[in-house]
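To begin, one chain is listed below as structure tokens, in the form predicted on its own.
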Amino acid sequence: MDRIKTWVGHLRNDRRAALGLILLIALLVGAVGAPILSPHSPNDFFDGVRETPGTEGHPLGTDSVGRDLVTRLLYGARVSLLVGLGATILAAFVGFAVGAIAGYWGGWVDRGLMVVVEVFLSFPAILLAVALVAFMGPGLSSVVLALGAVGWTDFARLVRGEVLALKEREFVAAARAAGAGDLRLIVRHLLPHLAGPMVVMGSFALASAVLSEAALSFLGLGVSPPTPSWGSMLADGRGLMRVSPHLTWIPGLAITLAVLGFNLLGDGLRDFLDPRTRY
């Protein structure tokens, strides 16, 4: 409870973090409450193709085939959150396992695992994700697996560095002297100290995953149509930018605000968990 009160007090002083939290709450409410907030189905068709914003029953208009933009925007938020959370959880799990093993055992194990990390980092992340999705086939699960597979390296390097510093601390020696095994020592004694940095890293990874999912969907490698996605909405509207620019700038703005929210909240969490970063 005291920790929550301290965090609330930090939000009052950090307007950027507060703005990021507001943006993410709005994103979450829109995604979860999509069936309630919109009276339409995301695949309902209406007369008046390429309606301009502000028409009756369609505040943001319709897309090129007559589907309500507000509805597809809300349901598209669901895809962004699912992909972002799924890919980040997968990347964090793999990255923690690799980083903890490398940092804890060191030696040839550390060198070998870090070579694997460097190999993955030698490829541009989005190109590797495109190759993986093309190999597995478009779909929600493929996008999550692909983005998780390219995002774990940052977690691995973070965890390795933290474990290298923590394993020399007195509490680790005391736990080892008390008979704690390697797995118990890592999970019960090191993991709690890694939670803060991993949460901060996770917020930035979520922003990257949302952006990458939009890029994959824009290229036709995201979720399968007619499931709404912000990236596919951008792709559908790019040929109509001269006559109906709102078809691209509306989903583009949604992507921008979602990524901005995760980044601002990540900055706030970093400052809250590590006061040394405050200016």
Partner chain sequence: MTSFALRRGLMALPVLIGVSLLVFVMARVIPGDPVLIATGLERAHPEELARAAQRLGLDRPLPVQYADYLGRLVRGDLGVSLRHQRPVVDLILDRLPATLELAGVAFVLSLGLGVPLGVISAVRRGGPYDYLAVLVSVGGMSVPAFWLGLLLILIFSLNLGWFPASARGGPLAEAAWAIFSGGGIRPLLRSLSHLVLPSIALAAPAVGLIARMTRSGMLDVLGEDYILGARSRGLPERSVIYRHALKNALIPVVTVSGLFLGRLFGGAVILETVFAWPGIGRLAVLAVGRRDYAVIGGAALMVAFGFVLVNAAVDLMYAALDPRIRYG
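Residue numbers count along the first chain shown, from 1. Note that this is a predicted model, so its numbers are computed, not measured.
What comes next is about the form predicted in complex with its partner chain, which is not displayed.
Participant: Looking at 171, 93, 135, 108 here, can you tell me which has any non-hydrogen atom within 4.5 angstroms of its partner chain in the predicted complex?
Facilitator: By the 4.5 Å heavy-atom cutoff, the listed residue in contact is 135.
Participant: Which of these residues, 113, 85, 131, 140, gets a heavy atom within 4.5 Å of its partner chain in the predicted complex?
Facilitator: So the residue touching its partner chain in the predicted complex, by this definition, is 131.
Participant: Residues in which of 180 to 188, 100 to 108, 116 to 124, 163 to 171 have heavy atoms within 4.5 Å of its partner chain in the predicted complex?
Facilitator: That would be stretch 116 to 124.
Participant: Contact check in the predicted complex: 36, 78 and 195 versus its partner chain, with a cutoff of 4.5 Å between any heavy atoms. Do all three pass?
Facilitator: Negative, none of the three is within 4.5 Å.
Participant: Verify the contact flag for residue 27: yes if a non-hydrogen atom of it lies within 4.5 Å of a non-hydrogen atom of its partner chain in the predicted complex, no if not.
Facilitator: Result no; residue 27 lies far from its partner chain in the predicted complex.
Participant: Should residue 19 be classed as touching its partner chain in the predicted complex when contacts are defined as heavy atoms within 4.5 Å?
Facilitator: Close contact exists here: in the predicted complex, residue 19 approaches its partner chain to within 4.5 Å, heavy atoms only.
Participant: Residue 32 near its partner chain in the predicted complex, any heavy atom under 4.5 Å?
Facilitator: Output for residue 32 is no: heavy atoms all beyond 4.5 Å of its partner chain.
Participant: Does any part of residue 69 reach within 4.5 Å of its partner chain in the predicted complex? Heavy atoms only, please.
Facilitator: Heavy-atom contact with its partner chain at 4.5 Å: absent for residue 69.
Participant: Could you run down 232 to 269 and flag each residue that has a heavy atom within 4.5 Å of its partner chain in the predicted complex?
Facilitator: Contacts from 232 to 269: 234, 235, 238, 241, 242, 248, 249, 252, 253, 255, 256, 259, 260, 263, 264, 267.
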